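Take a look at this single chain, the form predicted alone, given in structure tokens.
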Amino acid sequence: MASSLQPLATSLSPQERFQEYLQAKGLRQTEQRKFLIDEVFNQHEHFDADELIERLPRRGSPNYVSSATVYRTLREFVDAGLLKSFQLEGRTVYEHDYGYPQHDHLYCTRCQELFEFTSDELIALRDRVAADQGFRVTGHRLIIQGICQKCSQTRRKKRKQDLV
């Protein structure tokens, strides 16, 4: 997935933040949880549970994690404020939340790529609309759907009238 966002400085690593969450909930850190947090935060990309499971070692291999543990741990990562989840075309997509700025997305419906962007103008508009309604903003999510530049160019080249 395309990304132009840079991580923000944080006082704790995602691993340390998750450890604090587990302690607060009275849960213990397991090897599977440690492996999953490293795997998820090793790269910045959007993913669903099935994509993550596909990247993980298979049953019988070192660091194997069951599908049930993956789904449960992803919910814990969201509860801990490490990941955000949202629905996209019938699937739950996860993205890094901890250590990344508020941002929005462009979604290409052809290649299914998510492009992240930030916009001061959009934030100003959001805040102005909220203020006009006496509304206190705690966050927002915007996903603009369309066709990306690469997919638009690919289609144009294949049209018969363009080849004549």
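Note that residue numbering follows the sequence shown and begins at 1. All of these numbers come straight from a predicted model, not from anything done at the bench. Here the rigid core means the biggest group of C-alpha atoms that line up within 1.5 Å when the two forms are laid on top of each other.
As for the form predicted in complex with a further copy of the same chain, it is not shown, yet the points below apply to it.
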- Here the chain is shown alone; which of N42, S119, Q102, T30 has a heavy atom within 4.5 Å of a further copy of the same chain in the predicted bound form? S119
- Item | Interface residue in the predicted bound form among F47, Y107, F35, Y98, criterion: non-hydrogen atom within 4.5 angstroms of a further copy of the same chain | Y107
- Message: Can you tell me which of 64-72, 121-129, 49-57, 22-30 lies within 4.5 Å of a further copy of the same chain in the predicted bound form, counting heavy atoms only?
- Response: 121-129
- Wondering, does L12 line up within 4.5 Å of a further copy of the same chain in the predicted bound form on heavy atoms? no
- 4.5 angstroms heavy atom contact with a further copy of the same chain in the predicted bound form for T154: no
- Note on the structure: Taking a further copy of the same chain in the predicted bound form and a 4.5 Å non-hydrogen atom cutoff, the residues of 117-154 making contact are F117, S119, E121, L122, L125, R126, R128, V129, A130, Q133, G134, F135, R136, V137, T138, G139, H140, R141, L142, I143, I144, Q145, G146, I147, C148, Q149, S152
- Message: Given a core-based superposition, decide whether the C-alpha of P62 shifts by 2 Å or more between this form and the one not shown.
- Response: no
- Query: Does superposing the core leave C111 with a CA shift of 2 Å or more between this form and the one not shown?
  - Reply: no
